[in-house]
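Heads up, the chain below is alone and in the form predicted alone; it's given as structure tokens.
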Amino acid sequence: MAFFEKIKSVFRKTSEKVSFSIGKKKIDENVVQEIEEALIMADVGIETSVELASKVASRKFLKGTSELEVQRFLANEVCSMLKPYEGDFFQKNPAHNPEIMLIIGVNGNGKTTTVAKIAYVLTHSGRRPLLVAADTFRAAATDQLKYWAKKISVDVHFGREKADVAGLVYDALKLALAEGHDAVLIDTAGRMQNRGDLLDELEKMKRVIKKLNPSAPHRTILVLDGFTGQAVHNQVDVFLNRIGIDGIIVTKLDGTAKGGAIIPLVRKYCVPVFAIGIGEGLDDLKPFDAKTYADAIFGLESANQRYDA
């Protein structure tokens, strides 16, 4: 399946939410209200939904304008809003060797699987990542990362259960330097945003990393669950203010009706979207592309050939 057809399928439930009927009606206040309500239902957020509906109201559409024309107009507006926040991070930065990525987020958001997917993409571009099992609180978390490392044939560094995480990470970075790994992906324990002690440990981990490389971590990536919609805002608030984040990855978008939640999230926090997860396969983590995303959530065909070329 071509990429756009897959992502269009992924966002089908969302695009069904943003459907509306114009027929032969003039685009009047009632139609604008219907559009606004449809956008809110897709978790686009009240403020952004009102703004987009107002743009429809202020544009001089001719009588007989179709739903498709209005959807294209809205998709272009959404694309313009999100274009500055495209954050493809899969390209190697030659200034960072190894490039150290700290993957954070709460339990259940898909961090470990996302780490494996990132490593999979990197290996297919000729890079040599090292996975670090920095969740020493749960043996199952380490076992899961070891499973993925074996599956995609990459190295993994881990320690004993309940080992000091900062020391484990320090040893992993020294190993990466000694063995020539050009990327280090640190899979951290799930940090509930209301657990100050766990957030303190993340801050300590960052300090330890900087002892070996003052510019690192080069990417602190917050993994968010797409099914939770706008409920993720509290998570972003805490991690952004306590730990600092360079960008987000939104997982589990396949089948959610809340795909529009990326729009208010990005506009509120002005953080790049590095990638989106659109399925369970290793190759289902894709760089975020504003046009492809905007077209997909409105159920449109796309002329964007970024992935299908």
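A quick note: this is a predicted structure, and the numbers were derived from the prediction, not measured. In this text, residue numbers run from 1 along the sequence as written.
Only in words, not in the display: the form predicted in complex with a small molecule, which the text now covers.
- Residue in contact with the small molecule in the predicted complex (any heavy atom within 4.5 Å), chosen from G167, G196, G108, P84: G108.
- Of the listed positions (E34, E280, E51, E67), a single one reaches within 4.5 angstroms of the small molecule by any non-hydrogen atom in the predicted complex, namely E280.
- With the partner left out here, the small molecule still marks one of 85-93, 152-160, 171-179, 113-121 in the predicted complex; by a 4.5 Å heavy atom cut-off that stretch is 113-121.
- Among residues of the shown chain, K252 is one whose heavy atoms approach the small molecule to within 4.5 Å in the predicted complex.
- Although the partner is absent here, Q235 lies well away from the small molecule in the predicted complex, with no heavy atom inside 4.5 Å.
- Not displayed here, the small molecule is kept clear of N213 by more than 4.5 Å at the level of heavy atoms in the predicted complex.
- Residue contact check for T228: none of its heavy atoms lie within 4.5 Å of the small molecule in the predicted complex.
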